[in-house]
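Presented below, as structure tokens, is a lone chain in the form predicted alone.
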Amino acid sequence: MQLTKHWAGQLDDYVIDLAWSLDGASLAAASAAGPLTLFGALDGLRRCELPGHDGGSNAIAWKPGSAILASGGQDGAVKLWDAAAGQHAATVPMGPAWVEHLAWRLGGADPILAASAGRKFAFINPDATVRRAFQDAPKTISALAWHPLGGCAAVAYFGGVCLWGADDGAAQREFAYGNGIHALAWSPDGRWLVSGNQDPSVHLWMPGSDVELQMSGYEGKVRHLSFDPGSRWLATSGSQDACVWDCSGAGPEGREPLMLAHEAPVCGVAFQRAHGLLASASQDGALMLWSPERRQPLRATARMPAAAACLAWSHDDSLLAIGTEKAMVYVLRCET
């Protein structure tokens, strides 16, 4: 297996977020300084430049099945952009706090955009009307994630996680956690909800029961989580190795994790969307591909000139985008 450079693009600042369009034609990249750039996926040409947010952008997300790109920034607003026309479509004010988290519902009957700014959380319709504004969270919202079937969104803050129903807006369940939470992830089968924590640890809930598991021993805060498409493997950062837990059966408690070695702290993990390869990146610019189920899991390596700030697989799993701290976007092709 080989990782080959497909193309590279330059931004004006730290690459804070990346998002592939569902049709695979475009890669959107958000600069921490504010502007948004749309690259052609195949040739890397700049298709469109959007002004983004005054003060800086924080997050981007494509509306499923459309050319609408949502963005959130330090101006306290969610903005919708018509990427085909290259223009601003609508703005949804969220208040004075930064909009730091965005996620479109992929399951369910219709798209809903979940957005958070400070302690505020809302569901936004594709026409930019607010579908539901929720009561303020107890603390600043630090992560959010839609259930794979779209029935609820998990919202994390210091002290716990709440599941908010997509249709009725009701609080379905609350899970207490006595520390800061940096990341949330659902297993694709919806069986596990996982948080990456400040303490440092990984906490697993099984929302369909009262099962809770705590996996500790990390060297630092756990900021990155990724499940494989089959919901068996959970990859995590938080150490110099990428730590992969086996979540099959009763879960990872009592099992030794698979430790995938890097020479510097891991700064990103991302499983493919439909296949089993895991990409992991470390602060020294190393990028590695792994197959956790294999006796010799390492499949390919590459070296970036700077540490990765974000990783994103294309929807057909053939291309891996890496945004770096030094304002570069690299797209690598995965070839067998």
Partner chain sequence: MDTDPIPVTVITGFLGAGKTTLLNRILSERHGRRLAVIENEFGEIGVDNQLVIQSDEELFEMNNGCICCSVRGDLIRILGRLLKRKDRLDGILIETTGIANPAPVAQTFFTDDEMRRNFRLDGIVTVVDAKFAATHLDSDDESVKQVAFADVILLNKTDLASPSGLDALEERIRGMNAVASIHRTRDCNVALERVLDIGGFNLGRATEIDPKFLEPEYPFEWAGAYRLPAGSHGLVIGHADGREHSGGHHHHHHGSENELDVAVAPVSALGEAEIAAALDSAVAVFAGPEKRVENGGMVAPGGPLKRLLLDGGNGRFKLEVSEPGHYLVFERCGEEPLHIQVGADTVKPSWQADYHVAHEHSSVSSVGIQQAGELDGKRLNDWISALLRTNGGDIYRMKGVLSVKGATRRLVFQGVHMLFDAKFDRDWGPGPRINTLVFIGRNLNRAALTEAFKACFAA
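Just so it is clear, the structure is predicted and the values come from calculations on it, not from any experiment. Positions refer to the first chain, counted from 1.
Omitted here: the form predicted together with its partner chain. The next part is about that form.
When contacts are defined as a non-hydrogen atom within 4.5 Å, all of S57, E100 and F158 contact its partner chain in the predicted complex.
Interface residue among S216, N179, S231, Q172, judged by heavy atoms within 4.5 Å of its partner chain in the predicted complex: N179.
Checked against its partner chain in the predicted complex, the residues G95, P265, G107, P188 give one hit for a heavy atom within 4.5 Å, which is P265.
Remark: S66 does not count among the residues lining its partner chain in the predicted complex, judged by a heavy atom distance of 4.5 Å or less. A residue is said to contact a partner when one of its heavy atoms sits within 4.5 Å of a partner heavy atom; D13 meets this definition for its partner chain in the predicted complex. A residue is said to contact a partner when one of its heavy atoms sits within 4.5 Å of a partner heavy atom; Q283 meets this definition for its partner chain in the predicted complex. Within 4.5 Å of any heavy atom of its partner chain in the predicted complex lies no heavy atom of H147. For its partner chain in the predicted complex, the listed stretch (244 to 252, 138 to 146, 84 to 92, 202 to 210) containing residues with heavy atoms inside 4.5 Å is 138 to 146. If you take 32 to 50 and check each residue for a heavy atom within 4.5 Å of its partner chain in the predicted complex, you get just A32.
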